[in-house]
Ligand SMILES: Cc1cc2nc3c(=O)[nH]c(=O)nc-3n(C[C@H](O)[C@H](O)[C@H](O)COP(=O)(O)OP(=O)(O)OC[C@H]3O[C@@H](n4cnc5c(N)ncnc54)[C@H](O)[C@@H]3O)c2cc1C
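What follows is one chain in structure tokens, specifically the form predicted on its own.
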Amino acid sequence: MKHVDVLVIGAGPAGLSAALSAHGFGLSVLVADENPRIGGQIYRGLLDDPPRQRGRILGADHAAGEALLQRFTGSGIVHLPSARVWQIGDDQVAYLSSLVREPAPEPVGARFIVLATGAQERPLPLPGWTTPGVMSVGGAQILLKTAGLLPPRDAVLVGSGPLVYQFAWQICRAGGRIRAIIDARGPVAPLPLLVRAVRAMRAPALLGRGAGLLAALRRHGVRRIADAEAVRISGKSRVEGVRYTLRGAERALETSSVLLHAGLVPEIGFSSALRCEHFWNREQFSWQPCRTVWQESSRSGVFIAGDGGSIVGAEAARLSGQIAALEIARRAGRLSERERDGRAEPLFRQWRRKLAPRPFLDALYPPPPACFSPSDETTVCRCENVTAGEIRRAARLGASGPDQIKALTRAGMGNCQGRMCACAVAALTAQTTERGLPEVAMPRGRFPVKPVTLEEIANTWQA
């Protein structure tokens, strides 16, 4: 078994920054990541093409990661690509499997663990969302970044959140076309939005980029349909169109491709399985792990950096990784408390500036109502083909939370282990039992957090 001071899970901006900072204090570091190349989702494929060409299509935020990735590449830090951590024991030993059919890496024991697993897209369960021709905006963006693939020119984007508009702009810059954006966000409260807009002015450049992006989409002729309700996808063997209600009137668009997005939520598979404490963030409509200002979870020695703790964006994620590394260095005896605080002060100042617009964005793009209250016939658990109606019936029979719902319906028992349905299951349970969503227990994560073969488990224990 290999032993290191710090194990970092995830090679996105938070994980790479934490690894580089810890390495700079003389600590031994190992970075494990499921992807074959470093960068995470935001910097995916950045080192594959000339950054200038990438920046022209994907924007300055994407190209800004080049220096970080180059620093890591030349650092000598041990990096395990295409390696999936599937269990972490009470003794802080991590067990891994290989995604490229090679012998599994040996277990890794670590004094400190940094979970930098990033975010996942919040599922948007609409009628027809399992029809061939439907995928997520994030999935389509991966195809763009890794293979240069563009969606069909009649593609319709449905949902809510900045990524919808950013991706549409990227497609236009790459020479593609988006037929329409159906903005299906939830109700926006004007007064709270105004209050948060004042605070967001601390980051005028970000707001300016957002306004410029919307103007660019108008110039490219991308149609934006606001305030759409009751959105559903038509077609049986393939997507044929999107139907929706607009100001009381039924409307329809013909299309062969629908891309869905309902914002981002932290990936909490590891933190849940490790029994870290979590809370329901009412601003971001998601469960999030409790953390100290140093990004440490309720479990000693386990730190959570970046979007895996709260949706903060790439630049703030990098800062959170550095902040976590400072506390790790202090605990490892490489820094005094005074030295840690002195180094952290400018990082916290930058952190607060980067976070300034986040409450405004959260208020501006609330998730579509379908995320929490899909119609009875809508499939919620894709793995086990469980509908919203079945979940409501189970709740009426006395199931008080996701674990009881799972026992009665199998919702959450598939390969994704509830990642695609946990939020909707909890929301449906809360509505049916007339409770607030925070009152419903969070689904209990369990190891292995990702699918693993019996052969890999047997080989691990033999080792």
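All of these numbers come straight from a predicted model, not from anything done at the bench. From 1 onward, residues are counted along the sequence shown.
Although not depicted, the form predicted together with this ligand is the subject of the following passage.
The putative spot formed by 134, 229 and 241 is not touched by this ligand in the predicted bound form; no residue has a non-hydrogen atom within 4.5 angstroms of it. At least one heavy atom of residue 117 is located within 4.5 Å of this ligand in the predicted bound form. Although the partner is absent here, residue 14 is a contact residue: one of its heavy atoms lies within 4.5 angstroms of this ligand in the predicted bound form.
Using a 4.5 Å cutoff between non-hydrogen atoms, residue 429 does not count as a contact of this ligand in the predicted bound form. Proximity of residue 319 to this ligand in the predicted bound form: non-hydrogen atoms within 4.5 Å are absent; the residue sits far from the partner.
The contact residue chosen from 48, 66, 403, 34 relative to this ligand in the predicted bound form is 34, the criterion being a non-hydrogen atom within 4.5 angstroms.
Put simply, of 288, 378, 170, 272 only one has a heavy atom within 4.5 Å of this ligand in the predicted bound form, and it is 170. Judged by heavy atoms within 4.5 Å of this ligand in the predicted bound form, the contact stretch among the candidates 394-402, 407-415, 35-43, 421-429 is 35-43.
Residues of 136-150 lying near this ligand in the predicted bound form, listed in sequence order, are 138, 141, 145, the criterion being any heavy atom within 4.5 Å.
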